[in-house]
Every structure is written in C-alpha cells, then in structure tokens.
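First, one chain by itself: the form predicted alone, in structure tokens.
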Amino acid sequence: MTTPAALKRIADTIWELPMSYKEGMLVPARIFASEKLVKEMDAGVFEQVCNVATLPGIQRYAYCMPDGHWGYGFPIGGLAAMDPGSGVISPGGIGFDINCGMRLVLTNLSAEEVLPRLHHLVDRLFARIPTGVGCHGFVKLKQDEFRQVAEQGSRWCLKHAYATHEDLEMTEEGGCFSGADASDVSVKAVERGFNQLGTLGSGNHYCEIQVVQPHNIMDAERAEAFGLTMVPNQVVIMFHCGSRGFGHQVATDYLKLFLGVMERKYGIKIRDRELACAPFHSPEGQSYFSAMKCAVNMAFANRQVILHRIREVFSDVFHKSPEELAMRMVYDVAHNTAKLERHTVNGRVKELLVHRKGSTRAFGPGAQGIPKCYDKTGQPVIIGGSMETGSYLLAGMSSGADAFFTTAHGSGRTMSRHEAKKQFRGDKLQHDMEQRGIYVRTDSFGGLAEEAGAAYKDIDEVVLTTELAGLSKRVARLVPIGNIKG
C-alpha cells in the first residue's frame, strides 16, 4: 500500500496527518501502527480518519488503532471524542453491529483433560448456540418482553436466571447502558431482533475454546489476577458477537433520519454521507443515543445468554457444575459504542462523547468504572485474532490517557471477504486446521473461507504495537483448539 506523503512519524508507533492534509479538518489525524502495519493499511483508512477529523466538536485528534482498516464512515479501529455541547453523534462512528464485543470465561480444566472430549464438546456447543445468518435463539420472547431486554441488558438476564451477580460485575457498565428507552427503537428493529437472543450470527463472530500455555504468559502477576494460572495449559472460552439484526436496523433507521435533517435543519455539511450525524443534544441525536443504548443492552444480554449455554454444555460434558469447573468471567468488553466519559483535555477534566468503532475501552489501574479486583491491574482487554492464529488478553495502561483509554479490538483485515472466498476453500481450510489441532464447526464453508488467517493482519504485531504505544499491556496469548462459527 502507498501511504500519504504528508504522513509524519511522531514516534516509533505513532503517525500523524496534519490539519492541512484535507480541507475542513479541525484536528490532526493520529494513527497508532508499526512501520509494517502502517504500510499495510489501505488508502481508505487515511481518507476516512481525516474525514472524521472534520466532524463538529471533535477533541484532540481523530484516531485509528493498529488494526485499522476501511470501514463504513469511520475506519474500523476508529476513535473520536466529541464535546457533547458543540459536537455530534454519528452512527458511522459506532457501526452497524452496535456493541459487537468480546467475552472471556475461565475454567479450571487443563488441555490434557479437554482434548479427549474436544470433538464432543465443540459439537455440543455448535448444537446449542445458534450460528449463521438469520438464526433464532432458544429464549422465546414476545416483542414487548424483548423491549425490556433492550432497556435492561444483563439485568434482565439476572432476573431470569441466565446470569449471576458476578457476571454483571465483570461486564462493562454492569451489562447495561442506562438511559435506554425502547420507544426510540422502530418496530422493524424489534421485529428483526426479538427472536435472536442467545445467537452468534455470522461473519467474524465465533465461540472458541483456547489454551493458556505457560510460555505464552507475558505478565505473570496480571495473569494470576485475571485467573489464568489455575492449572498449566488452562482452558478458557472466548466469544465474539453483538446485537445482530436489531443493532443493524437501529443504525440503518437513524442514518436515514440524520441524512434528512443534518444539513437542512442543522446546517452541518460533511465530506462523506457515511458520516451522517446530528448535534448530540438535538432531539434526533438524543433519540439515536437512546436507541443505540437499547442495541448495546441487547448485545450484553445476547452474550450473557450464550454464556449460560456454554456453562450448560461444559457441565453436561464434564459432569460437574459450572461452579465446580470455576467457569467465571474474566471480563466482557464492547468495541462498537458511543459513551459519555470524563477525560482530561488541555489540563482540564471534561465530559466527552467517545465514539469507538472497532476499538476497545482500556481503562488503566485505579480507574473508576472497572471492578475493584482490577484496581491494581487495569481493566482486562480482550483482542481476538484469527481462528488460525490465536488471541490475546491484555490490560489497560495509565499511559492510555493520551488516546482516551482506547486500544485495538482485533487483528484487522488485510483482505476483503470477497477476495478471501476467491483464494480459500472453506472445506479445505477446515480440514487443514484440524490437522493442526484446531477442530472447527461452521454453518457455512463460504463464511469459513472469509475468516482464513491469511485474510488478517499479524495479531502478534498488532498487540505488540498497542503495548509500545502505551495503549494496552500484553498479559497472555491464547491458542485455539476448538471453534464454532456462523
């Protein structure tokens, strides 16, 4: 890829495009990347992050994380904090899969105990957790009941015996963004979402059985605090999914609304229609913020119900209760949201509206809003790699304040889904992975081909870059042995 001539290297892992690069930029664009990663970024990343820099109310910089690649509106891996008084809210800065996120769950099982039953375990997970486009969940809800889920998130799951109090404590914002009002959500969105609770969906969503090998622990103290040192070669479960068709429809509805009022009513002109926005404190902006929170809460509940299913399967296969198997959560963290948070800008603490699009909150040690047990370590950060290579558990760092305590969310694509399907065959990939010790069940061989490891950036390079940039500190690398995908 060719990088813009105006791109300047500020530090080993920090690059910048000045406000003069594109007309209308209100702040510079800042990109966190190694030299290798910045050269791999497609041209659209640089154009999109600079378009973000033109949005009203933006503070400090428009950012892109090391896993950045072309997206809708913002680049995936994008970050922008707005002054809520003068700034805007943009669905393109949050994404269609609102609160797509990661959850990591412990067990006290070793790989040696799991491997003899791995095929049975993966097959049972595949049977109990619906995957694929348009799949329906086992929780049967009426539409009005689903609206309660959208307003209450994981709290609804607690009331209905799908969650524990500790699960909520180990979920970002306790598994519920307050202020969600389901009356701000369209009937069509509810129709698309009410039967999808407890489903993975398709695309890059997955549920993976992983092993914490002792030589892959990089920070022993934090690994112990996060529960990763119960037994050698400890088995953990990581899964990745979001708000399904419900969140997609919320985004679609409000993009259409914002395009109708943005310039005509509020006089806002933007360089890219995909960045359609509204003043945060406008009626339209507040309605979207509420509807977005509904989708956030649905996604938290979705992952919580999936966790309930995972516990059932492990309990059945190993003939022990989830408590006996120590199936506790490490954390659940979102990577497609907008949130009001307090951050320091120019020496003054301000409330800001932080858009994270394919980027992850990464609060450092002592931060408000993380579980007390993580006061000394910083917030757990879960960064998923490709199904062939592995994933990482990291921790937020105090130095992350320079980027509003935000880090990467995955390895980031280097190849489009279309190109990956041209280059790889899903059935062959499944066979090759099993030969390498990774048993995969999928709803679609085409979907599996899209997720080939070669279609993604080097996860080791991405997470090392986040550490060198002071965004998040590596704790452990997690190696896959089993996976279910849509």
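Just so you know, these numbers come straight off a predicted model, no measurement behind them. From 1 onward, residues are counted along the sequence shown.
The form predicted in complex with the DNA exists for this protein as well; it is not shown, and the discussion that follows is about that form.
Partner contacts here mean any heavy atom within 4.5 Å of the DNA in the predicted complex, and among 187-195, 209-217, 277-285, 356-364 they occur only in 187-195. Proximity of residue 244 to the DNA in the predicted complex falls within the 4.5 Å heavy atom cutoff. Residue 441 falls outside the set of residues with a heavy atom inside 4.5 Å of the DNA in the predicted complex. The DNA in the predicted complex is approached by residue 97, whose closest heavy atom lies within 4.5 angstroms of it.
Though the partner is left out of this view, residue 248 does reach within 4.5 Å of the DNA in the predicted complex, counting heavy atoms only. With the partner omitted from this view, the residue of 134, 174, 322, 371 that lies near the DNA in the predicted complex is 134 [heavy atom within 4.5 Å]. The partner is absent here; in the predicted complex, the one residue of 92, 378, 78, 201 having a heavy atom within 4.5 Å of the DNA is 201. Contact check for 167, 308 and 328: none of the three has a heavy atom within 4.5 Å of the DNA in the predicted complex. Residues from 414-429 that approach the DNA in the predicted complex with a non-hydrogen atom within 4.5 Å are limited to 417.
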